[in-house]
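One chain follows as structure tokens, the form predicted alone.
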């Protein structure tokens, strides 16, 4: 029941932030950012387990590892960009959060181009000429 730990940490941090926010808004932001990092680090071990299982399934199905690694990089960029944007939003900087999301989307597009090319080539091979 690890979710109970995460929710408990989130509730305690929220209460502390609400108490501190009136007196020291900077400490409230730091507390929110530290809580976010703690939750993210807690989940890193779980993500490693998922990646190992996906690699095992890719090997057994014959999928080339370069494609799986590219997809995992895309997923990682999406999560990190979202996390960064949320932290910046917590600080009240909506404009910078939007730029972080835009950068994440652009990097995802750059990584996705080779995979899109392979998909198009595969579809063209399937079509009768």
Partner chain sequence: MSWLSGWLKEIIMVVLLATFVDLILPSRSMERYVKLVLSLLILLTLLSPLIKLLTEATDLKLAGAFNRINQQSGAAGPSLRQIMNQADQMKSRQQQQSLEWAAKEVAAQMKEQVQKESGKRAASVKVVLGMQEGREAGGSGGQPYIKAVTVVLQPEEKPSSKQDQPEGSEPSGDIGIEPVKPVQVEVDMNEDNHSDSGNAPAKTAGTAIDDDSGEQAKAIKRMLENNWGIEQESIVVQTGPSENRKL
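Note that the coordinates shown come from a computational prediction; the quantities given were computed from them, not determined experimentally. Residue numbers count along the first chain shown, from 1.
Just so you know, the form predicted in complex with the partner chain exists too; it's not on screen, but the next bit is about it.
For a residue to qualify, one of its non-hydrogen atoms must sit within 4.5 Å of the partner chain in the predicted bound form; none of 34, 42 and 96 qualifies.
Taking non-hydrogen atoms only, residue 27 never approaches the partner chain to within 4.5 angstroms in the predicted bound form. Heavy atoms of residue 1 never reach within 4.5 Å of the partner chain in the predicted bound form, leaving it off the interface. Remark: residue 109 counts among the residues lining the partner chain in the predicted bound form, judged by a heavy atom distance of 4.5 Å or less. For the chain shown alone, residue 61 is a contact residue for the partner chain in the predicted bound form, at least one non-hydrogen atom being within 4.5 angstroms. Taking a 4.5 Å heavy atom cutoff to the partner chain in the predicted bound form, the contacting residues in 56-76 are 57, 58, 60, 61, 62, 63, 64, 66, 67, 68, 70, 71, 73, 74, 75.
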